[in-house]
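One chain follows as structure tokens, the form predicted alone.
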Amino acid sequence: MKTRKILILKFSALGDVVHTLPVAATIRKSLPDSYIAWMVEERYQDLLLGNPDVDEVIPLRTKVWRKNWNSKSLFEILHTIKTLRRQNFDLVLDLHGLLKSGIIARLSGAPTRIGFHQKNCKEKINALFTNQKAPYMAGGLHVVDMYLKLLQTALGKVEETKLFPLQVPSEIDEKVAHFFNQNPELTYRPVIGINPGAGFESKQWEGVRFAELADRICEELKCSILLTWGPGEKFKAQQISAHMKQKSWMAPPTSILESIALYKRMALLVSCDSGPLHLVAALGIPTVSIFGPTDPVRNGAYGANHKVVYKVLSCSFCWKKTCPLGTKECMQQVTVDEVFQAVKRDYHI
């Protein structure tokens, strides 16, 4: 294999970008002298800060462009395309399987464009824009392993490097450390985080159940509870706190880098299928997750020391953002005791 200029296309969301990190790590180990660029949505580019496996980060602003469609947006889009073409990439890895990623792969001018088999593409039309396809991948594979299989279509049989390098600048770490110093009682006992948010409504568990779970963790496992939240989710954490009988702590507002520094200080995280779940798993911290409409085999926390609680129903893993039945039965059937017992096992009490 000769040295190549390689472009990775994985724009979003938080968990998906985290799941792609082993692709860059494997390329770097297999082709140490290659030039690796990664195109990512601007709001997620901090996940690649200081990454030793990425030579260049090319930010996208599609969310901004959609909301503000004007001459400035058009100029930015054209500039981004010119930047891509000037690089003369040899190889593009389209790890999305979307129409937009296919178009960008084609506009890059790279002679080799690797993509998913049409049946694995999220949008089938994507297959028109790639000229080499990974073999069809049936169910039962985690998305991390799917990405690495696609990479093997480009590089052949290579040794997989399943590393998730996530760097935090010292000033960010110190800022988060200040929060813990300001709340010394929080750290008197091991800290277990609860993250109630999720990307869409059907993946969310009831706040009152999280509150009951948190009380049991405090009382029976003698741990402190830190409630974490992302943009637009603070009210969920506040609702849990209001329903709790035991004391809990509310995390401060955090950027992506600050949230990494925050989660590094936890003993365990309880979450639904969300970006923070995958961030914490990548940090090597145990997790307990609650799944319903999404498949934990494909999209669960990756690696060891992770427990998942879910029910297999006739309608399980529908991937719908809103429950088609209007009941969220797959989430409703998961009990507080089932999640607590998973926490107890994962925390090795």
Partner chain sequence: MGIDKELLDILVCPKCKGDLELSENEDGLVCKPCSLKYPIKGDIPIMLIDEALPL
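What you are looking at is a predicted structure, and each value in this text was computed from that prediction instead of being measured. Residue numbers count along the first chain shown, from 1.
What follows is about the form predicted in complex with its partner chain, which we do not show.
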item: Exercise: Leu91 in contact with its partner chain in the model of the complex, heavy atom 4.5 Å; value: yes
item: Contact label in the model of the complex: Ser316 to its partner chain, heavy atom within 4.5 Å; value: no
item: 4.5 Å heavy atom contact, Thr153 to its partner chain in the model of the complex; value: yes
item: 4.5 Å heavy atom contact, Lys344 and its partner chain in the model of the complex; value: no
item: Contacting member of Leu221, Val158, Leu186, Val208, with respect to its partner chain in the model of the complex [4.5 Å, heavy atom]; value: Val158
item: Of Gln246, Ser170, Gln132, Asn181, the one that lies within 4.5 Å of its partner chain in the model of the complex (heavy atoms); value: Gln132
item: Interface stretch in the model of the complex with its partner chain - options 173 to 181, 158 to 166, 72 to 80, 97 to 105, non-hydrogen atom within 4.5 Å; value: 158 to 166
item: Sequence-ordered residues of 32 to 67 touching its partner chain in the model of the complex, heavy atom within 4.5 Å; value: Pro32
